[in-house]
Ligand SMILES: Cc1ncc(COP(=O)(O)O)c(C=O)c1O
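What follows is one chain in structure tokens, specifically the form predicted alone.
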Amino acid sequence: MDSEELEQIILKIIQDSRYHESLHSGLDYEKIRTRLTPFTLDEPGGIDAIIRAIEGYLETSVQTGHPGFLRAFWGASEPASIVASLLTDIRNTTMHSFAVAPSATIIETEMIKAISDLAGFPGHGIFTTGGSNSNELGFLCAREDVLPGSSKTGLNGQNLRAFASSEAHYSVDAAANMMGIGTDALIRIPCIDGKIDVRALDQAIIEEKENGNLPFIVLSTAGTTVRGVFDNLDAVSEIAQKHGIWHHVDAAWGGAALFSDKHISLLKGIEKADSFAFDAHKMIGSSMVCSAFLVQDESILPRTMSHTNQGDYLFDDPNKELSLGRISPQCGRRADALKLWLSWLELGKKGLGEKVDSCIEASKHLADLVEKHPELSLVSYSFSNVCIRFTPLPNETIEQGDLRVRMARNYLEDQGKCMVLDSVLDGQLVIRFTASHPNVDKAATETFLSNLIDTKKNLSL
């Protein structure tokens, strides 16, 4: 493929990927697979084969920028972020070494400082493969903090215990599994209105100490996956400091509030935590994936990643102390920080904050409408998350209500009206709506509400 053909393909992708009326063209596995074939060729197919493949992909992919895409915490990428992804691919660098990626290393370092400034952190951290990876790093740093040298010696027979709320993201279970303490060592603390019960947390830590176990981390959540609730970060930090254990904040979803003057108060107390996770691809429009892990202690990541001392063949250069591979669990890693960098330059903190404000305003509008609607029940509303259930019919059981929710959600998705999640909350199934990209405005919430009511009629729910 020559440069002219490359330009032709890029232009086609840009033109064909603009907003379309339909959310998707259907979700039938075999039909999509057939449209995408062939997947390999024995003889060169040239640019024509590539164009046919691109057309098939664009035709069968979900339009994540559609106002009916309400299923996830992201939508279409910001144009500046798309340019940054292309820029990254053109240089095709990796972030292990300053010598290999000098510009990208400086940009990532400055983006870490910029995010840290918003949160009241000193400016240390690393970009990661996602919020789950950032939470895992929180666990690893906490282990090294409580057991210095454990990156080399392991756990030395210590029965470590971690603590998170009953509504914390499942990635905390993955972190407990992957670092070798097992998910049974993760103590799930009950919630009050979606927030971790700090008294129950305090008592659980005391009990684990009395049982001869070693508490080492408490994870709080800034924007839970279903409710969108923010834990009391001040109160959790106080308990963590009282017991001398690490406090990590999962702000992968709610961290976008750092950019909003109106809503930054949701994150009050984050500056007291030891570390936090942040995803720029959620709500503020960076391309997937654009995630960061921020820490207070500059020394903790080098100590936790001490295994990189073996990589002299990668890091033995005059500026090796600047090489981010020394504090990352990865060697090969994309220059994801460029996505946030260009978006921040184009829109400024003000513009990014306005995205957050717009999403929260749209969700509040929907919550107000649901609360007034006789056929719907507002189960929960916080941040940008609205959890909805149909008003119970006479003598209806919870299971019957759950079935109505599931049928409505599946119908909306199958018909291409909208894509939302359903999830169990307080022992019952709810539809979780979330506004996470600018195309989900007040008009979009009204369309969603109309579709939801129509679904109830069409399916005789």
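Note that residue numbering follows the sequence shown and begins at 1. Treat the numbers as computed from the prediction; the structure is a model and nothing was measured.
Just so you know, the form predicted in complex with this ligand exists too; it's not on screen, but the next bit is about it.
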Query raised in the report: Which residue, H124, R143, R326, H169, has a heavy atom that falls within 4.5 Å of this ligand in the predicted bound form?
Result: H169
Report summary line: Interface check vs this ligand in the predicted bound form: of G120, P302, G351, G130, the one with a heavy atom inside 4.5 Å is G130
Requested in this report: Can you check 187-195, 293-301, 103-111, 273-281 and let me know which stretch has heavy atoms within 4.5 Å of this ligand in the predicted bound form?
Outcome: 273-281
Query raised in the report: Looking in the predicted bound form, any heavy atom of N135 within 4.5 Å of this ligand?
Result: yes
Query raised in the report: Hey, in the predicted bound form, does T221 get a heavy atom within 4.5 angstroms of this ligand?
Result: yes
Report task. Indicate whether this ligand has at least one heavy atom within 4.5 Å of a heavy atom of W246 in the predicted bound form. Result -> no
Query raised in the report: Is S237 a contact residue for this ligand in the predicted bound form, using a 4.5 Å heavy atom cut-off?
Result: no
